[in-house]
Every structure is written in structure tokens, then in C-alpha cells.
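Given next, in C-alpha cells, is a single chain: the form predicted alone.
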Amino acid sequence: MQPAKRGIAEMAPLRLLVLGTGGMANTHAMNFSTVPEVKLVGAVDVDLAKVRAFAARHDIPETFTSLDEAIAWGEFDAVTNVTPDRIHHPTTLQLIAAGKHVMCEKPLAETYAKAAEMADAAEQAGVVNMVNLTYRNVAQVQKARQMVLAGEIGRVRHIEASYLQSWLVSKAWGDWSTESQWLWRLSTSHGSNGVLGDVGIHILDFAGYGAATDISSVFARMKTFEKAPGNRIGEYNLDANDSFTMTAEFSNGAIGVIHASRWATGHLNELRLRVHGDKGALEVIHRPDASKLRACREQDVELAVWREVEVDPVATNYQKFVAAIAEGKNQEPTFRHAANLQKVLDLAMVTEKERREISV
């Protein structure tokens, strides 16, 4: 089925279906509801009480307990897929086959093979596709990329990136040991690839996008720490990795280090990127309360003086997805980009097993 054609000048709103009604779905619904061109028309979840409560909260008129039901109804143009990681692949393929435009939460799939299949299907069907790599919404990392591409720090030589969370040592996010919304993220049998799969894709994108480059080779180490007796709580075997460290070579010739952890005491949710060139350097720090871009360049290089760089607001992924549908043309980050990131993550897991660097 071919997707419906839409034009920028069309008056009818984009009819959006929300697939999955967990915690992140609320973020999607709230953000899309602020876009004037969008109307939230339906929500899907296997739990009837949950989907009805979600629909009432966001003023959504239709609810369904299966995707098949929603597709049979069909009165929607696009979908935001906020299901658990392992559900992304089958549900997104169904939606593409039905001719629907899809925004999918990250990671696109648990493996590169599945992610590539999704990218192939979307491209062949001609539907607009986007992966919600949230930190593309950070204006400071977009500005950093522009500065790198403009040659303001010269040739990039070294890259450092980190994603630090503390929800395994803090209850600021809730009690992970009693709440299924967190426990599944610690269990491979529940579709999790651990911190590498969950936030690793974010920091790889943050680093590569901000430094305007791609990873060409990788070597990673991962560790799962004991979190409960026998590393098990009820049905959840807590065997997914909690921390990873990665060394990488980049297509622009730079080398660098990337790491992430859920044991980063003192850091609720912090992404940091440092890009060092032969004429200057940039640093992006993003936390829930604020973001900052600093630069050391020109005459400041000699004495290592850093100055904050002012940035303008940027469009969010939610706004870009709607604009892409109106224009009939994809905007980044697409399924193909997310699939390529997943390839790096898959190879990182191989390097852990084989203890050797692998080219991407």
C-alpha cells in the first residue's frame, strides 16, 4: 500500500496513532500535541486499562488492544512507535506494509539485520521514517557540528564522549528493583541489550553527529555488576550489561573513547562530548536542567581559555517528522542512519567476546 500524499499547504491535520503507552509514550504524546498540524487520533496497548487511561490523559478518541485492530480501522496517516525494543521490528514492518509513515523509538531493532530490514522496507515503500534519537533536539550539539564542518577547530584529532546515568544507585528515576518499566532494561531475555543498546546508540549518535564523522573501527568492553542475589528478581534475569567502554577510530582520521554507565553516581542523566582539533576544541554538556557549548579557539588556544557559545533554538524530532511528511521527503535521523549505528553496536558486542578490534 502506498502512503497518502500530503502537501505543505494541506489544511487537514496529520492523524497520528500512538503505538505503546509506557512512560516514553507520554513524552511523544505531549510533544506531538504541541505541533499545530497534528491530531492524536488513536492509541494502542495490549493492556486495556492502560491504553484507556493514556487516551483520557491525552484526549485521544480511539483506543485499541492490538495493532491489527488499529490497522483494520485505518483512520490515521502516521504512527509513533513507542513499544519495547524487541517489538519495534514486527510492528514497524506491519505499519510500513499498511503504507503508514513511522517514527520509531530507539534502538530501531535489537540487531543490525532487523534494523536494515526495516530501513529497506521503509525505503522501498516510500514512507517517511525517523528514529527518535532524542539528543538531536539539543541545539548545542547541532551548533557544534556546524562549527566542525565550517573548519573552526581545524582537523579533528581526538574525540571523547560519555553518557552517565545513576538510576542503579539512586531512586530519582523510581525504584528499578520493583518496577517493570526499569527491570526489562536489565534483562536480555526481555529484549534488552543493556546500557550498550539502550543509551549506547544515543552517545554514538551524539558523538558522531556533533563531531561530523562516523566510526570506522571499534573495540569495546562491557560489564554486568551484581544487583540482586543471583542477579535475578522474579522473572527478570539481570544479565544485560550495566557499563561499557569503547575505543574507536573515526572516518575523519581521529581516534577517541566513548563510555556509558548506569552506575555513574552523582549524574542523573548527562551526555558530554569533547572534540579536539588542530586549531581548537569544542565541548558540549547536556543535562536535564541545561545544555552548554564551550569553545577554545583562535587566540584562546595558547592559554587554553574556554568561552561559552550562544546558540539558537532548533526544531525537535517531532516537528521534523511532521514537516518531512508534509514535504514528502525524509529528514535525519532516518531508519538507515539508525541501522548503521546498530551495526556498530552489534560489532561492539563481538569485540567483547573476541577481544579484538573490528572494522565497521
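Residue numbers run from 1 along the displayed sequence. Note that this is a predicted model, so its numbers are computed, not measured.
Just so you know, the form predicted in complex with a small molecule exists too; it's not on screen, but the next bit is about it.
Participant: Looking in the predicted complex, is the small molecule within 4.5 Å of a heavy atom from each of V138, F250 and T334?
Facilitator: Heavy-atom distance to the small molecule in the predicted complex: none of the three under 4.5 Å.
Participant: Please determine whether V305 contacts the small molecule in the predicted complex, using a 4.5 Å cut-off between heavy atoms.
Facilitator: Output for V305 is no: heavy atoms all beyond 4.5 Å of the small molecule.
Participant: State yes or no: in the predicted complex, is some non-hydrogen atom of T178 no more than 4.5 angstroms from a non-hydrogen atom of the small molecule?
Facilitator: Contact check for T178: no, nothing within 4.5 Å of the small molecule in the predicted complex.
Participant: Is T83 close to the small molecule in the predicted complex, meaning a heavy atom pair under 4.5 Å apart or at it?
Facilitator: Judged by the heavy-atom cut-off of 4.5 Å, T83 is in contact with the small molecule in the predicted complex.
Participant: Can you tell me whether E298 touches the small molecule? I mean in the predicted complex, with a 4.5 angstroms heavy atom cut-off.
Facilitator: Flag for E298 set to no.
Participant: Of these, E105, D242, D77, D205, which has a heavy atom no more than 4.5 Å from the small molecule in the predicted complex?
Facilitator: Selected option: E105.
Participant: Exactly one stretch in 289-297, 308-316, 325-333, 37-45 has heavy atoms within 4.5 Å of the small molecule in the predicted complex; which is it?
Facilitator: Answer to the contact question: 37-45.
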